[in-house]
Each structure stands twice: as structure tokens, then as C-alpha cells.
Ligand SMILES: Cc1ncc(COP(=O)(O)O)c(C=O)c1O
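Read the single chain below, which is given as C-alpha cells and is the form predicted on its own.
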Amino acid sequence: MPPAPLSRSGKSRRTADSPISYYVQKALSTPGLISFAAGLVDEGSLPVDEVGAAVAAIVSDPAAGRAALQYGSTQGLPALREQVLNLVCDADGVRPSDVNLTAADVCITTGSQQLLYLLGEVLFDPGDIVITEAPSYFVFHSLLQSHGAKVLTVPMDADGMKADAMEALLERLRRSGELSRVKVIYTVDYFQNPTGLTLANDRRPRLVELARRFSTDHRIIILEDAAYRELRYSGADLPSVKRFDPTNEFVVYTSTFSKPCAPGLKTGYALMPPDLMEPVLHLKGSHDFGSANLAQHVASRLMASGVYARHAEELRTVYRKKRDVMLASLDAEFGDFPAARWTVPTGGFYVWLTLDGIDTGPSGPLVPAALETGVMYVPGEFGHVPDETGRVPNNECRLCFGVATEEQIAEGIRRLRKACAAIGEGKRAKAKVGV
């Protein structure tokens, strides 16, 4: 007799595997495949020696070693929280007191992904609304599905999320009586995942003004995901959205050591309003009683010694070259291809390629054609939510230049152009035989 069926929670039933999992597994299991899919970091530049020296210094000092190997606090290592506070405020050109922040407003998390999940647990009930860019970070969409939240989107242009469109959406929700369900505005505002676009300087204070103005019966939180901020390759740094929240009420700023240092540390951080910090810590305590203490001590030592800042600068050089190779390769291979256009990011890991008239989706012809030539991308439709008719754009690709070598980037773009040509030849062959 078979066992009785397992009775799962509603949240468990709403939670599905991320669509990127297939692409990561495919890349790992296919020798010779060039992957522009998963947002992995450059392996050759991982700070092995620097982290090794930091660990050795910690464990060679009995007191420091015992402190690092003991439990830490749920909120995180005080020294690291102070360093994170100064890192963000220095980048914004302000003192912590100018924006009503102290180290008590900083939480150390197990990567920035944990903060995204914890904040959802604190704020969302099924049916609540989150407003994101279109397209947006698709892993966050999966998280929202788990919480039962509804995603509404605002289009982007070359300057990021359109502030006028955001205002129009909020006004429409106010008129329809749905504004009370809007809990979060989510933006990846530096070199966005997946498009590589950056929110323009003049739209940043406007976003805070909109959140403040439409927070009538409850506060709308802006979740600023700044994971790629430190990987800028050209132009001046822009102030964070958090910089325009001087009362520390409306913006949660989250980032990570994964991209500018090492993802194996699995350490992120967030700056948030005090009345959010307490419930976040209550839930985080139920999750883990605090993120890995040794990793926090390592990150703190890297920052205190100046190694972290120097390594981030080295990474900017590494990734700038990779970006330039990808852009040059796209120009060489797709410059004469009228259906193609792409973003030119000033930082981060991603180029957004649009191929008019070509189905780039997971069920379309380009995915298998690309795999046949030995290259893989992420279908752009994963970054969208269906419109009122249930449709999503299916002519876009996310290309990540993080893990591939410069030689692989050039060859991968050549293979992708070959796959596009193969699709075109297949269409012509079908037309000839009247299919």
C-alpha cells in the first residue's frame, strides 16, 4: 500500500525551482559549452591568496580565532556593520548622520538573497503587490511567487525605470482601490540584472518622492538592490536611492560581497529603517541565529586592511576588458544584422540583446540552435511577467560576461551569430517547400 500523500504548505506549493537552474546544470554537464547564462564570477580573479592570508591571520591569533569560530549575533559582526555603513556613506559622499543612519541600521545577511526573502516574509501577504522594472531580476520573481505576491511592472528606457510610468501606475492603483496592497518597489538600479541599464541620477530622488507621496494609509518601501554598484567601468558613481531618504524611512539598501569580492563568502548586507530591522531580525533568528561568523570576520579583515578596495579595483579592470570584448564581438558579428540591438552597460555583468523576429524563448528555435553550436544564454522572457493577455516578449537574451574568458566571449558571440543564421536558413528552407 503506498504511503499517504505529503501535506505541503501553501508557500511550498507556490515555490518552484528557478528557471536558471536548468541552464546552470546544462553548462556544468556539457564539455566545451560556452555559457553566457548564469551570473557567475571570473574564477581566475578570485582572491585566493588574500582570503587565505586573512584566515591565517585570524586563526594564528587565539583570541581572534576563538571569536571568529564562536557563534555571532543575529544582526552581524559590529565591526563589519560599521565598515559597511562607512562604505555606503562614503560612496554617497555623506556622513551617516546626514541620512539618519548608524551601525544599528545595518544587518549582515547570508548573501543579499536572504535579505530579499526575509523582507518578503516581513511585508507580504498573498495578493500583495510588488512593482518592479520590466524586465527584472527573475530570481526575485520566483521568490515573490513563493510569498504569493503579485508583480506589476514599469517599463525601462536607456535611463532605467521610467519615473512617469511609475507615477501613472501608482495613480491607477489608487483610483482602483488597490494602492493599499502595494508593499514594495523593487529596483536593481546599478547596471541592472538582466539589462545592464542604470537608473538615471534625476530619477533616484523622484522614486523616493513617489513612495512618500503614495504612502497614504501605509508606507511603501523601496527595495534598492545595489549588488553591482562597485563594478563600474566608466563614468562617475551615482548616489544611491537610499541617499535621498534622509529620514531612513522608505528605502532598504541591500548589497553583497559576492560580486566585488568572492561569492564563497556568502555574505551580504542591508541598511534599513529601524521599524523594519526588528521584525527582520526576529525572522532571521529563526532562520540561522546569524550568518556565518568566520566569513564575516574574513570580510571585515579584508576591508580593514585595504585588500577589499584594491581587489574591487582589480575586478573593475578584469570585467571592463570582458565587457569591451563582448561589445566588440557583438559589433563584429551582429553589426550588419538589422534584427539585432543591444545595451552598452557602464558596469556589472550583463548585456541585453534584442533580436527582432527571432524567438529566443525557452521553447523557441534559438535555444536548441545555440546549444548545437556550443553556446548558451538566458531567454529574456524569464525577466518579464505576463501582460493582461498573458504574453511576454520572446525576442530578448541576457548575456553574462562574468565567468567566460575573453577568448570564450569572442567565440561564444560568433557561435550565437551562427545559430541565428542557422535559424534563418531553416526558415528559408521551409518556405521553399511550402511548410
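Note that residue numbering begins at 1 and tracks the sequence as displayed. What you see is a predicted model; the values in this text were computed from it and never measured.
Quick note: we don't show the form predicted in complex with the ligand, though the next part is all about it.
Asker: Between Ser112, Thr346, Ser146, Thr132, only one gets a heavy atom within 4.5 angstroms of the ligand in the model of the complex; which residue is that?
Answerer: The residue in contact is Ser112.
Asker: Name the residue from Leu116, Ile222, Val182, Leu210 that puts a heavy atom within 4.5 Å of the ligand in the model of the complex.
Answerer: When the ligand is considered in the model of the complex, the option within 4.5 Å is Leu116.
Asker: Using a 4.5 Å heavy atom cut-off, which stretch among 252-260, 305-313, 273-281, 89-97 contacts the ligand in the model of the complex?
Answerer: It is 252-260 that comes within 4.5 Å of the partner.
Asker: Does Gln75 reach the ligand in the model of the complex, with heavy atoms at most 4.5 Å apart?
Answerer: Output for Gln75 is no: heavy atoms all beyond 4.5 Å of the ligand.
Asker: Please run the contact check for Phe334 against the ligand in the model of the complex: heavy atoms, 4.5 angstroms, yes or no?
Answerer: No - in the model of the complex, heavy atoms of Phe334 and the ligand never come within 4.5 Å of each other.
Asker: Flag Asn193 as yes or no: does it have a non-hydrogen atom within 4.5 angstroms of any non-hydrogen atom of the ligand in the model of the complex?
Answerer: Contact with the ligand, yes.
Asker: Indicate whether the ligand has at least one heavy atom within 4.5 Å of a heavy atom of His287 in the model of the complex.
Answerer: Close contact is absent here: in the model of the complex, His287 is far from the ligand, nothing within 4.5 Å, heavy atoms only.
Asker: When you measure heavy atoms, are Val188, Ala227 and Lys266 every one within 4.5 angstroms of the ligand in the model of the complex?
Answerer: Affirmative, all three are within 4.5 Å.
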